[in-house]
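Let's start with one chain on its own, the form predicted on its own, as structure tokens.
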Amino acid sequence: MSVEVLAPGLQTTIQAGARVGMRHLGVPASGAADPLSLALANRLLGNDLLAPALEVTLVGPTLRFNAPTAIALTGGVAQATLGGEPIEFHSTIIAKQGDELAIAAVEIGTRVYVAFAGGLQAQEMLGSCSTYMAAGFGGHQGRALVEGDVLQLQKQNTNTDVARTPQEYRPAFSSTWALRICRSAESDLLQDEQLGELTNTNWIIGRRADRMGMQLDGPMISVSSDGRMPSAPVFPGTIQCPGNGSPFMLSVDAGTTGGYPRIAQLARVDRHLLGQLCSGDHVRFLPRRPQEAIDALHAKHNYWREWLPGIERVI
């Protein structure tokens, strides 16, 4: 059973769970930029929540099915057709042999996830099948898909039930976001006025926005490290401030160390939203104490657990 890539889209990769426990070796987490949407797609097919699926960025691909299979689409808002007919997101869809799936440009959000019954076959490397393009491993030959690629499907359950995500478990996407942050290692290098600017500014996601991270356009923030700050650990969601004063928020493919002051850290409870932030989106940062961020994470886990058992592995 296989799927042929007729058109690859802007950047379509195979993503699954993150690489856990490898940061001390210099290996980034990678994985789905929006793991919650990945899990929701896999849930509709009876797959493991983090089974390998396609992550579609901004402009979708066109795929042809060489065998019948069940699929599910989740994530950002986009139009999609199967065999020329519109199909719904958050629903199990049955594709026939020869059907073509076409996904148009993402209208709200950044990424769409396409899961397949049984999951995709992918290269496992360092505990994950996720593509890490910077090093060229994982997924499908360690790269984004190109025209003519043929993706193999895992053996699937032929009795896949048709399911729909309940309305209350369908994330709402927007071009404005409120993200919870905590102080970080070098937050004390900011004066009170500058800390206030970080949380009182309506930041705009700049043109530099990808799986490595995203620039935050707004007022310049001055942080003096005298140019002698040694490299230190960073994580997805770390907000650094380079010498030019324009903050930069790291994402899932960012490196494991950095030499710029770490002025804030995105709370884990909102980290899955990194994958849907788009150039031009507006962001407000909400300051939280560490225990408040922990409590919010537990509350989110409790909310999702009924529909996504094992949500703790996802967010």
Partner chain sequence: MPSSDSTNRTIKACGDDLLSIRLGVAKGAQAFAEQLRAADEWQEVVAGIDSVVVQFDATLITIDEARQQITAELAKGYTPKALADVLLEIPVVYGGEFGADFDAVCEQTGLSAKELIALHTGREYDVELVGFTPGFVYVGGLADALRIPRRKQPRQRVAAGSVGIADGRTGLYALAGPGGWPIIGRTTFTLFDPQAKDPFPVRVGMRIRFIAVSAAEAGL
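Numbering follows the first chain given and starts at 1. Computed from a prediction, not measured in an experiment: that's the story for all the values here.
What comes next is about the form predicted in complex with its partner chain, which is not displayed.
- The candidate stretches are 23-31, 54-62, 41-49, 277-285, and the one lying within 4.5 Å of its partner chain in the predicted bound form by heavy atoms is 23-31.
- For the marked spot (A185, P233 and R271), a heavy atom within 4.5 Å of its partner chain in the predicted bound form is present in each of the three residues.
- The listed set L151, L126, A80, L195 contains one residue whose heavy atoms approach its partner chain in the predicted bound form to within 4.5 Å, identified as L126.
- Although the partner is absent here, S251 is not a contact residue: none of its heavy atoms lies within 4.5 angstroms of its partner chain in the predicted bound form.
- Although the partner is absent here, A104 lies well away from its partner chain in the predicted bound form, with no heavy atom inside 4.5 Å.
- Put simply, Q265 is close to its partner chain in the predicted bound form: some heavy atom of it is within 4.5 Å.
- Shown alone here, Y113 lies farther than 4.5 Å from its partner chain in the predicted bound form, counting heavy atoms only.
- Residues P290, Q291, A293, I294, L297, H298, H301, E312 are the members of 282-315 with a non-hydrogen atom no more than 4.5 angstroms from its partner chain in the predicted bound form.
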